[in-house]
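This document starts with one chain, in the form predicted on its own, laid out as structure tokens.
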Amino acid sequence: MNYGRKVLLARFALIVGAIALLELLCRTGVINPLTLLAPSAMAAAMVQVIASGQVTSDIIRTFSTVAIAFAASVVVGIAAGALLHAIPRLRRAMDPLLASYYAMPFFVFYPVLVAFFGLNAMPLIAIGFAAAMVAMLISTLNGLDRVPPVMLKVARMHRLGRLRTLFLVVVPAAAPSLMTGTKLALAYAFISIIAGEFILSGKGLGYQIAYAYNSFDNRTMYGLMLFVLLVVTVMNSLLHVWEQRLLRRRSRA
């Protein structure tokens, strides 16, 4: 058994063990069921709530909002990172702002965004985009910084054009950092939009979780929380698998 498979099995065993321990503590009454439901009860509540169809429109709204914010943040983040990398003077001017960017509370701009875009999904999309884009930008800069100069010299020696150098040399060399940025952008988009719906919105999964919390409906609240957790975990795992394939392909090359 190789090292990677051992790590995967150890990670799986740790997760299963933690879930089993939590189930035991909840079922024996050590943890008050009014405070936390057992994992099996959460799963049953999730299936019941999703199957009822009462949150279908909220699921569509949340996921579409996240998808738009995530896609825009990846595209703009890569483009902005490439631009800053190509203009060192501009990058030096922006470095202090990027270093302190996440100290800024994005939600304080919600009233301004509502004034610009109105009471629709656009303010939340803007918040998700603002949270995710800079993570993609920074990862793009890190990836471009790590492209070996010798590879660019070899490309020039073979008289490759800019586009061929970009797709055959730069992108493969920067791919691991770009994948890291993609995973971070997805996480930041989900976190900011779910939190925005929880605090600011009247629709979406975040709103439904907040409504269930305020109504003391623990089954619905934990069921929806488990659903969001599973979706994000699956999506992040798929990106991780893709990243590992890129790394293996790069090592073979």
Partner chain sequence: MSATVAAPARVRRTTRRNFDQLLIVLVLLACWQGAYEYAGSVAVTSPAGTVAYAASMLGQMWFWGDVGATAIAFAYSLLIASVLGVALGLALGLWRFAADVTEPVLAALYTIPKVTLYPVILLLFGLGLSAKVAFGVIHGVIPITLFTLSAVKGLPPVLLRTARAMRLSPVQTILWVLTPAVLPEIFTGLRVGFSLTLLGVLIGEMFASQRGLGFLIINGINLHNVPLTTAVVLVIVLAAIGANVALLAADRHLRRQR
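This is a predicted model, so every value here is computed, not measured. Positions refer to the first chain, counted from 1.
Omitted here: the form predicted together with the partner chain. The next part is about that form.
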item: Contact at Arg11, Tyr222 and Thr233 by the partner chain in the predicted bound form, all three, heavy atom at most 4.5 Å; value: yes
item: Region of this chain that lies against the partner chain in the predicted bound form, out of 87-95, 67-75, 135-143, 118-126 [heavy atom, 4.5 Å]; value: 87-95
item: 4.5 Å heavy atom contact, Leu184 to the partner chain in the predicted bound form; value: yes
item: Exercise: Thr35 in contact with the partner chain in the predicted bound form, heavy atom 4.5 Å; value: yes
item: In the predicted bound form, Leu24 touching the partner chain (heavy atom, 4.5 Å); value: no
item: The partner chain contact at Phe63 in the predicted bound form, heavy atom, 4.5 Å; value: no
